[in-house]
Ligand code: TRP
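Coming up is one lone chain in structure tokens, specifically the form predicted on its own.
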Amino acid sequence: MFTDRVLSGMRPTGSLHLGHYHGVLKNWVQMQHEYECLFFVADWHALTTHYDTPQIIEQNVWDMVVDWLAAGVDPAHATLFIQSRVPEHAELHLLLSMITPLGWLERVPTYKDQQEKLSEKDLSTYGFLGYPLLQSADILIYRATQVPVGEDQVPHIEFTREIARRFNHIYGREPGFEEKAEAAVKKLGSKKAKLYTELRTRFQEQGDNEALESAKSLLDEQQSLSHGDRERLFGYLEGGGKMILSEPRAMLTLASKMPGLDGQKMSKSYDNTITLREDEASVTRKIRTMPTDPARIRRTDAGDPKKCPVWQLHQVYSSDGIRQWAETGCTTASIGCIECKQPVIDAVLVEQHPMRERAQQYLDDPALVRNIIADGCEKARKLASETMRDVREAMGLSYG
């Protein structure tokens, strides 16, 4: 049984390329065996910047999900779903917007960056300003404990933690909280109750963060506690009220080292990509026509691998022995550029082969993909409903 729940999402941009595979999907494939994982299609997020071209979204969604499955994301080990099919995301976003200071949204680093990068679009919209809060709702609704992100996304996770803290501070004051928390401590059993109390005292009196983490781990291991008691004990630890929304942690992932065909970062906007399921002839042609060191005009001219985009692909795909062969061959002009490119072509095709095979069954029968997503949406919605029940109750909206 996993104690950590991982949530990660992607905007539907259509067919994915090898940069997506090396930057995100490889991590997902590994994580699905180590954590409880929820992976979602962020289709509402696509509308924050592409609100004027909605017709591309649906096809992009299905193309992207097939790529996830082709890369080895396994619906038997992870929950795959579409954001907009779980309307609770929107409800939580709305309710959190009631308590979110405007200044918090305006200072999110990517807000100004994106406006400058996409200056050709009018992004002075309410949806674009509020997208970090929608992102927070995506995370908080599943009580995710870990969110895999690159360094540039860490501020979004910090923002989410602040939102959770503010919500718990405002709404976690249930009547008789102390008495209910003390009663929940007793349910741990005498030995664990004593340890919990000692750790809580150490944190509250000495600010001992290790004691806080130990106490949280202790609670994570208690399978028999009701959800309400568990959240009370988490809140009681830090001296506040009931923890209705739990604070996620950023799980730092390494940036993709996948270069594009021109040596820049692989990106659709640079038109330098190889897609996950691109046919063999196209992959071969693209790599064969890649630019090389401009000094190698003739076959007999020596080159410098550091000035050649193909060398960057050797760093990703080749063994030490092949790299040594390529470096020596280039600097002494004993091999030509086409020869140097061949091991890269071979390695990319070997990597793609199982992806094409896995994708084929879904391309032959699109209903399989629809069913996987329908099942995933149902599972996600069940988890989201549990959180929303607690949120509505805390905000006086349960009318029970």
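Numbers follow the displayed sequence, beginning with 1. Because the structure is predicted, anything quoted here is derived from the model rather than measured.
Omitted here: the form predicted in complex with tryptophan. The next part is about that form.
Asks: Have a look at 204-212, 187-195, 94-102, 128-136 and name the one stretch with heavy atoms inside 4.5 Å of tryptophan in the predicted complex.
Replies: Among the candidates, contact is made by 128-136.
Asks: Identify whether tryptophan in the predicted complex is within 4.5 Å of every residue in the set S8, R11 and F40, based on non-hydrogen atoms.
Replies: Result yes, every residue of the spot touches tryptophan.
Asks: Would you classify L218 as touching tryptophan in the predicted complex, given a 4.5 Å non-hydrogen atom cut-off?
Replies: Because no heavy atom of L218 falls inside 4.5 Å of tryptophan in the predicted complex, the answer is no.
Asks: Does at least one non-hydrogen atom of Q153 fall within 4.5 angstroms of tryptophan in the predicted complex?
Replies: Yes, Q153 is a contact residue.
Asks: I'd like to know if I322 sits close to tryptophan in the predicted complex, meaning any non-hydrogen atom pair within 4.5 angstroms.
Replies: The answer is no: I322 has no heavy atom within 4.5 Å of tryptophan.
Asks: Does the 4.5 Å heavy atom contact test between L123 and tryptophan in the predicted complex come out positive?
Replies: Contact check for L123: no, nothing within 4.5 Å of tryptophan in the predicted complex.
Asks: Quick one: from A181, I82, L199, V147, grab the residue that has a heavy atom within 4.5 Å of tryptophan in the predicted complex.
Replies: Going through each option in turn, the one that passes is V147.
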